[in-house]
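Okay, so here's just one chain, in structure tokens, the form predicted alone.
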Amino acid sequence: MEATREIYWNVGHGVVWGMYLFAFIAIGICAWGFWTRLPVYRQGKPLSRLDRLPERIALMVKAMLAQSKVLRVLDPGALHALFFWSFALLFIGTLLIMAQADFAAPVLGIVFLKGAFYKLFSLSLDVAGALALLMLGGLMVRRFFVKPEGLQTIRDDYVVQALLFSIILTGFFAEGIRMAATEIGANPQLARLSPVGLLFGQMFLGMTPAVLSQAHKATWWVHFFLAMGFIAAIPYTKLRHIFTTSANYLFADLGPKGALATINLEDESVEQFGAASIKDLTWKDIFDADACTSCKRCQDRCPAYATDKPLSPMKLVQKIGEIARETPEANLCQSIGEDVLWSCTTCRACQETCPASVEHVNKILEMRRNLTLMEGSFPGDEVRTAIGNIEVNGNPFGLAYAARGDWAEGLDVAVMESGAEVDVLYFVGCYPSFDKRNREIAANFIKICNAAGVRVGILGKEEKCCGEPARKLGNEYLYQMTAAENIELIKAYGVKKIVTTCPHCFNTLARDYQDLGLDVPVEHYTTYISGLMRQQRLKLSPEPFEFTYHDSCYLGRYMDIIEEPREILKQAGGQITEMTRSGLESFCCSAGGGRIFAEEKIGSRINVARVQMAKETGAPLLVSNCPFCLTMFEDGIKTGGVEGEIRVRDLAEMVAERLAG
């Protein structure tokens, strides 16, 4: 006997019309639910997110089918991914049954669910159903019994879990009853290809055919209506993320990481800068709230949240959605809270780990723009003072212009106004120019360049702050003012290449300045040194040392520069012990987002937490690649009480000490 089975056994093919009627009703309810949400999204400003459509579709399909973003965190990512694949296979199986029973067989006379294909079909769906049940159980235990800290449980969670469990279980019960009546006794070999159905079927052996018939019909219809209820419930529960998260992969930002829209300050028709209310955000900012799966990955990786600040990236996104739905005229910054907005270090850990492509940071920066440009608000008087110093003196310390190049006295470096021919312009930045400890880093970088035969020039007293801290604090006006002056100078000197030792300057000059007309290639000193070593222009005499390495946020997550600094340090003789949070998972030093100027008044100190992570590796040395990080770690070592147990040094120092010859 050829392997197959009668579709619609016991319920009859006449149920098809009723099935499709209820299916269309369920789909209509689902579609209406999403339709009613569209006006909420439309409150936001227009934003083009359908350019490069083939690329977007490919990325969406990959993220959906491979569950690549979900699997970045195996627990509970693996549970979710396996459940998704299993449930998807069950859905495909249902479509195949419909295709044969309602189209191929009655219209074309084709039966494809038979023989070897049916055996594979039967076994695959049975295993998929069992796996879906197990994974759903694992997710249930995690949510309701293990209860990870910070994981929110709401009514939707109970509804969704109960609905999914009921659908899968009633499916197995209906299968088991059918097998008890038609297969277990009559065709045991075929029954073994549905092992879970066989297990359920054992419970019904011995019942009369009449009882089995009634039980099967009842169970079949319950299973059907639960499935229809699932479809109808999607837009009204957390199940909506099935569509919204998938759509968010399509709408993902394909531009440079961390790019921020440049305001046209010359447009006199603009009356509002930044986001004061929901209508000042984009539709994508609002849509993100529906795409959010409340998985709390962003919250778990947020350095502000980890040190008891009031910021939870997850709750911020959810709050925006709540405001958009319920109180769209509300003051956005007041509703969310200024302390929440000022707590962000713009480290992007939230966005890097988000499995739903939610964009957290720019929402915060748009609200900061409103606070700074429209309300004159700052996170503290010390920040207001630093911003004022940048405006007046071109640096946050309030020191004289003329002293900006003093660190280079006695070094083989040219000042651009002298007219010297140079290979690269070293854009120094404020901390290496004025901070005593960071001046050593600048000097060591010049020493490295000299050893490689690179002619280096600096702007000296003509250089001004790149404007990045001011911009991340919301002061777009000051950023553009300082940027314009720097760009004008760089262009006037005909600079061919720029190198920075500051990741914040690097990001700003390499990406943000492009919007303002700078088209000169910019490189961070880590990749620049790596290139010199590959070209055999820079040779080292390795000396052994043990270290742990800190990936600065603006070099690692923003620019994806992870391996080059490690390779340099290894070639210098270093043996690395990684911290628990490294690479793209690195933990912020606390200085980003302009917070280098701000006193950390709420919660515990982020820099101390990071220094403690370094200390736990047992390495005596913490190596960084950023003047902000170096400053924060030296402070964290002192305030964290670990002086003498670990010290911090910059990559440039380690290389300069090991120059050959």
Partner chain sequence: MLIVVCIKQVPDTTQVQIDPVTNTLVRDGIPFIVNPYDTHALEAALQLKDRFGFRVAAISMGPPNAEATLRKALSLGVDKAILLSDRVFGGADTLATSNVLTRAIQLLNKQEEVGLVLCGKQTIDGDTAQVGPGIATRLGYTQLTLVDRVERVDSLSRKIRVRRKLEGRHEIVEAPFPAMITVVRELNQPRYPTVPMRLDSADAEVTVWNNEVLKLDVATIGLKGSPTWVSRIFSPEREKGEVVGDGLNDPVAAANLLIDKLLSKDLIAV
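The structure displayed is predicted, hence computed values, not measured ones. Residue numbers count along the first chain shown, from 1.
The form predicted together with the partner chain is left out here; the points below concern that form.
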| query | finding |
| --- | --- |
| 4.5 Å heavy atom contact, Phe287 and the partner chain in the model of the complex | no |
| Contact flag, Asn475 vs the partner chain in the model of the complex, heavy atom cut 4.5 Å | yes |
| Contact test in the model of the complex: Gly398 vs the partner chain, heavy atoms, 4.5 Å | yes |
| The partner chain contact in the model of the complex: Asn393, any heavy atom under 4.5 Å | yes |
| Residues Leu265, Phe273 and Ile387 all lining the partner chain in the model of the complex, heavy atom within 4.5 Å | yes |
| In the model of the complex, the one of Leu71, Ala186, Met374, Ala261 near the partner chain [non-hydrogen atom within 4.5 angstroms] | Met374 |
| Contact residue in the model of the complex, chosen from Tyr426, Tyr525, Phe587, Phe378 - any heavy atom within 4.5 Å of the partner chain | Phe378 |
| Candidate stretches 131 to 139, 379 to 387, 542 to 550, 568 to 576 - the one whose heavy atoms come within 4.5 Å of the partner chain in the model of the complex | 379 to 387 |
